[in-house]
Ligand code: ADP
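The chain below stands alone, shown as C-alpha cells; this is the form predicted alone.
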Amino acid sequence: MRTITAKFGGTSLADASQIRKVADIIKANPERKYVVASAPGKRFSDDIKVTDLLYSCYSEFAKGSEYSDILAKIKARYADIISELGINFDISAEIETIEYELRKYPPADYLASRGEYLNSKIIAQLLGWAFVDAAEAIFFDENGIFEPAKTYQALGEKLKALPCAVIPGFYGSMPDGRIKTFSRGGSDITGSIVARSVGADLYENWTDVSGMLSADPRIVDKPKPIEYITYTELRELSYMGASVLHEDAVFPVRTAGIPVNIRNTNSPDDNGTLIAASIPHDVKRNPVTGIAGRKGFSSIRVEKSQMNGQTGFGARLLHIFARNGVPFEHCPTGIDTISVVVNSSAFDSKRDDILREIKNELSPDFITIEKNLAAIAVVGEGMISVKGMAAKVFTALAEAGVNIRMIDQGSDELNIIIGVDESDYEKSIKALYAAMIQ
C-alpha cells in the first residue's frame, strides 16, 4: 500500500466543522497515514488566528502587561472546538501547563508553537491516532539551523513504528530542548519533512484553494487552474509570489522525488495541482504554465565604452551591490552597458554608497537609475520547443500599448522576464494571459 503524508492548513482546521471535514478526508483514504496539523486559522474575515493570539499573549507577558484575557480567548477557542467535536480533552490542564512554562520566560517560539501542538493533540484524539510531538524528532543545531539528516533518521524511525500518527507543524527543538519554530507558514515545511522522513509516495498539502492558478485572480478574471507543474516551474513562479506552498517546503520532497498535491479541504473532489520533477508524457499542457509578477524594482544601468573588453567588470559591479547587502534580481547586459535590477526597498537606503563606489571603482561614462518598475515572468518548460514565443510576448504587450523597459530570458529558456512601468503592471498581466494562456 502506498503511503501519503497529508498536511492541513489553518483555514482547514479553523473550527470543529472544518476539523470534521478533515477527519472525513483522512478516513476516506487509508493510504493517508501521517497527518501534519496547523494551528486554527481565521473562521471569518475579521477573526484572529490562534498563532497571532499566542504572539500577542507573549508580547504582553514580555512587557509585564496583563495577558490573561488573551490566554482566556485561546482557551475558549479550543474549548469550543472540543465541545463541538464531542471528545474528552482537558484543555484547562493544557493551558495551565502553558502558563506555567510561560512564567519561566521561555523564548517566544515556545508559546507560538502551542497552537499546532494543541490542535494536533485534539485531532489525534478525534481520529484515535498516535500523537508525535515534533520537538522529539525535528531538530535544529545550536545556531537555530535545521538539521535534515538527524531529523530524517529520528523522525522516520519514530513514525514508521506507528500505523498512523498526527504531528504538529511549525516547530522542532534546539539541542538544549528549547522549542524552535520555522518561519511563518512553516507547517508546510514540517509536512514536507515528514513526507521525506517516511519515504511517502505523495505529499498532500490541503488548503482553502484548489491548487495553483495560471495568473493572479485579483487581476485576471477566473484564470485557468494549473493541473501539473514541475518543481522548476514552481520555483520560478514562487519567486514572483504566485505559490500557495511555502517555498522552503519544496526542497525536502524535491530532493527525494516525492510529488506534491495541492488540494482544497472545502472541495475535496477537485484534483488540485500536482507538483513533480517531470510531467507524464501523455499529459498535454500549454507551453506557458503560468504568468506572475511583482512590483517594487529599480534598475541601475551602467554604461562604459568598450566595457566588454574589461575582464571582470560585471563581477566587480555585482560585488559592490553584494558588499552593501543588496542582492541583485536580474542582470541584462549589452556590449557597453550592464543593468542591475534590484528590489527598491533594499537599494534605496544604500543608494548613495553604491553609486559612489561604482564611480570610484569602475569610472563609468554614465549611470542611469530607473525606479517604479515591475517584473513579470512568463514561465513554462514547453516554451523551449515552440518557435516564436518571445515574439508572441512582445506583440501582446505592444498591442496593449505597454512599453517594455527590460528583457531577460533564462539560459534554460524556461522563462521570459519582462520589465515594465508599475503603472502598466496589471494591463501587462492581462495582455500576456490573453495571448499566452486563455
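None of these values were measured; they are calculated from a predicted model. In case it trips you up, residue 1 is the first one in the sequence shown, and so on. In this text, the rigid core denotes the largest set of C-alpha atoms whose superposition between the two forms falls within 1.5 Å.
This next part talks about the form predicted in complex with this ligand, which is not shown.
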Site test, 7, 209 and 216 vs this ligand in the predicted bound form, non-hydrogen atom cutoff 4.5 Å = yes
Based on heavy atom distances of at most 4.5 Å to this ligand in the predicted bound form, which listed stretch, 237-245, 85-93, 119-127, 278-286, is the contact stretch?
-> 237-245
Does this ligand get within 4.5 angstroms of any non-hydrogen atom of residue 11 in the predicted bound form?
-> yes
Superpose on the rigid core, then tell me if the C-alpha of residue 148 is displaced by 2 angstroms or more between this form and the one not shown.
-> no
Is the C-alpha displacement of residue 111 equal to or greater than 2 Å between this form and the one not shown once the rigid core has been superposed?
-> no
After the core is overlaid between this form and the one not shown, has the C-alpha of residue 14 moved by 2 angstroms or more?
-> no
